[in-house]
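In the form predicted on its own, a lone chain appears below as structure tokens.
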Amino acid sequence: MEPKQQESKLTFWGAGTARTLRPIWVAEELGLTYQLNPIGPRTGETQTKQYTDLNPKQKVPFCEDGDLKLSETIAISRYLISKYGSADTLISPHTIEERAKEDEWLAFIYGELDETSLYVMRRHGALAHIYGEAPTALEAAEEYVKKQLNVINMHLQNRDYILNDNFTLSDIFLITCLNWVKAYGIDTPNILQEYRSRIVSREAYIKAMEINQQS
């Protein structure tokens, strides 16, 4: 079923990265209309007075919905799903226990894959001209990625998605990290390769990727 277009006053800031993709993808899954200001994280656009007044962190993504202003990908995505989600699109967990499991996986994916390892590889790989070369850190980070991928691979045996049998925010976060993994040429177990191939065929993902490449 096609997501129903809903009324919102959404504005997103930021495009061109794995982290900016997440709220855009969520919005597409929810069938929301929004305005995108596709500023980049290292173009100087986050340093302007206009943007700094909105978001003193000077980071992307950033979201405005009426008077509400939010930074951080988990907070933005959770808010969108809680406010605009439905059984036909994306929904928040119904019980305390389900919410705890989603929190567990989001913390693991964002903390162990995104920040602790994959972003270390980005810092000292593609962004080495800014952060410096660190071959030992790169090697250690790659090994750490593989270790965490094995944990997820075991969990996904006989499962279609991270939580129960439903596509959720946890899957969105994991796919954006698996995109990094693929781009870095890291060996990935077959189950994870099949999982990624299935999810990236979603119409909302394809559209979000096109939109996110605007920076």
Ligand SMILES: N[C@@H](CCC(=O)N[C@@H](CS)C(=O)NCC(=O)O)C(=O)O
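Values in this document were obtained by computation on a predicted structure and should not be read as measured data. A residue's number is simply how far along the shown sequence it sits, counting from 1.
Omitted here: the form predicted in complex with the named molecule. The next part is about that form.
Triple contact flag 109, 167 and 194 to the named molecule in the predicted bound form, non-hydrogen atom at 4.5 angstroms: No: none of 109, 167 and 194 comes within 4.5 Å of the named molecule in the predicted bound form.
Contact stretch among 153 to 161, 181 to 189, 55 to 63, 25 to 33 - heavy atom within 4.5 Å of the named molecule in the predicted bound form: Of the options given, it is 55 to 63.
4.5 angstroms heavy atom contact with the named molecule in the predicted bound form for residue 119: Because a heavy atom of residue 119 falls inside 4.5 Å of the named molecule in the predicted bound form, the answer is yes.
Any non-hydrogen atom of residue 202 within 4.5 angstroms of the named molecule in the predicted bound form: Result no; residue 202 lies far from the named molecule in the predicted bound form.
Contact test in the predicted bound form: residue 143 vs the named molecule, heavy atoms, 4.5 Å: Heavy-atom contact with the named molecule at 4.5 Å: absent for residue 143.
Proximity of residue 77 to the named molecule in the predicted bound form, heavy atoms at 4.5 Å: Although the named molecule is absent here, residue 77 would stay clear of it in the predicted bound form, with no heavy atoms inside 4.5 Å.
Of 104, 139, 88, 115, the one that lies within 4.5 Å of the named molecule in the predicted bound form (heavy atoms): Answer to the contact question: 115.
Residues from 63 to 93 in contact with the named molecule (non-hydrogen atom within 4.5 Å) in the predicted bound form: Result: 72, 73.
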